[in-house]
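What follows is a single chain, given as structure tokens, in the form predicted on its own.
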Amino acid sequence: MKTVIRPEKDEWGSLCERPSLKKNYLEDKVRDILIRVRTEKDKALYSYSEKFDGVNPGNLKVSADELREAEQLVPEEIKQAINIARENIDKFHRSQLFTEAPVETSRGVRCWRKSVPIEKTGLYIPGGSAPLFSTVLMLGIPAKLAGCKEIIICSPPGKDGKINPFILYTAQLIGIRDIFKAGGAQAIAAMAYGTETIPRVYKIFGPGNQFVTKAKELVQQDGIAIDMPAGPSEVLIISDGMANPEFIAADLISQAEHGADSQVIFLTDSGEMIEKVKLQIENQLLTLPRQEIASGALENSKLILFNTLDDCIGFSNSYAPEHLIINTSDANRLAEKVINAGSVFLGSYSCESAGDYASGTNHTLPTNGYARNYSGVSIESFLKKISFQELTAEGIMNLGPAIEIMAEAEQLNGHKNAVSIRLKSLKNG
């Protein structure tokens, strides 16, 4: 990790940059994948599965036999842990369900909104070296609570041609059985455009690498909604000199092990703490199974010393992290100053892993600075809001003259006339 000492504000912009593939290379590669899947459909999916995953998955749709087999392969202790997480995630997201009351904006004019679930949703669940079955809970539970009629999952198969049994078990636990063996940008294309096997959806959810994120951005141009640009994972940690450096190093490494393109940032007002954290990172990496992956991410990461903790918060708001941990003695005071972050963790014991798995909040969050203008996934992500209005005779008489004046000022006389004929009708009895 690179150590930066008291950077000036004009340096913050460059320090906030994330590691990324060259833009033109990435976009050209992903666009080629989208075009091929759109035209060749299942044939393209099989080809890309052999090319990228090194396997022919057979039937793209997971069979009932595979679902039954998966349930037998998951140890009981993992089933129990998944159920604890399921209950907490359900409880937190269920609290977001409410009905908006109608509002009488003026006499005889009533307005309201109705929440309607998105009918067809596609969930992308990363697989490969880290099969994220927890993401099934994070996306599937709010989709179910929202009332989405059709929910499908795409996830890459392993070398055995099957999707990880933990993913399959978790999906059927929450009632999702339409699961397909497809990963990467090609899975996003399949859900966006449809193939002979995989149905087209109206909105795509789920995190992924830079290829997946770019694919989501590009299909959005064709009218397919996405949850957010959710690419490689990241965490930013702020601490004072009183924090436990062992905790901090563990939190940094936990995010670094997601992938070599992830990034972790540590901010503090204590030079001594930086040295302690660096030593802890070195020690903890020695026993980490995914040491090589984490080390790659740490090469793109930074430890930054600031004069004050308020400067740390200022930099954090500029960086807009996916995950923000405030491990200081005055964490709640600093939390009030947070304006850009996906999810915030306060105090010594609020490790980011809690939010990733079981505290109840959602772990599908905006990355790469998008926390400046995006929120994490919630119940509302799976709903659309339809507005209604109802005007009585009294309502149009009260509001009509104002509408006529505004329409005439905009030179839209047809709009004015739609009101005028109603007023005339009422006047004539």
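So that there is no doubt, residue numbering starts at 1 and follows the sequence shown. Just so you know, these numbers come straight off a predicted model, no measurement behind them.
What follows is about the form predicted together with another copy of the chain, which we do not show.
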- Note on the structure: Partner-free chain; cross-checking another copy of the chain in the model of the complex, the single residue of Leu145, Leu173, Leu305, Leu288 with a heavy atom within 4.5 Å is Leu288
- Task: Verify the contact flag for Ser14: yes if a non-hydrogen atom of it lies within 4.5 Å of a non-hydrogen atom of another copy of the chain in the model of the complex, no if not.
- Result: no
- Message: Would you classify Arg36 as touching another copy of the chain in the model of the complex, given a 4.5 Å non-hydrogen atom cut-off?
- Response: no
- Task: State yes or no: in the model of the complex, is some non-hydrogen atom of Met273 no more than 4.5 angstroms from a non-hydrogen atom of another copy of the chain?
- Result: no
- Evaluate Gly231 for contact with another copy of the chain in the model of the complex, applying a 4.5 angstroms cut-off between non-hydrogen atoms, and reply yes or no. no
- Partner-facing stretch of 181-189, 155-163, 264-272, 105-113, counted where any non-hydrogen atom is within 4.5 angstroms of another copy of the chain in the model of the complex: 105-113
- Query: Taking another copy of the chain in the model of the complex, which residues of 393-429 have any heavy atom within 4.5 Å of it?
  - Reply: Ala393, Ile396, Leu399, Ala402, Ile403, Ile405, Met406, Ala407, Ala409, Glu410, Gln411, Leu412, Asn413, Gly414, His415, Asn417, Ala418, Val419, Ile421, Arg422, Ser425, Leu426
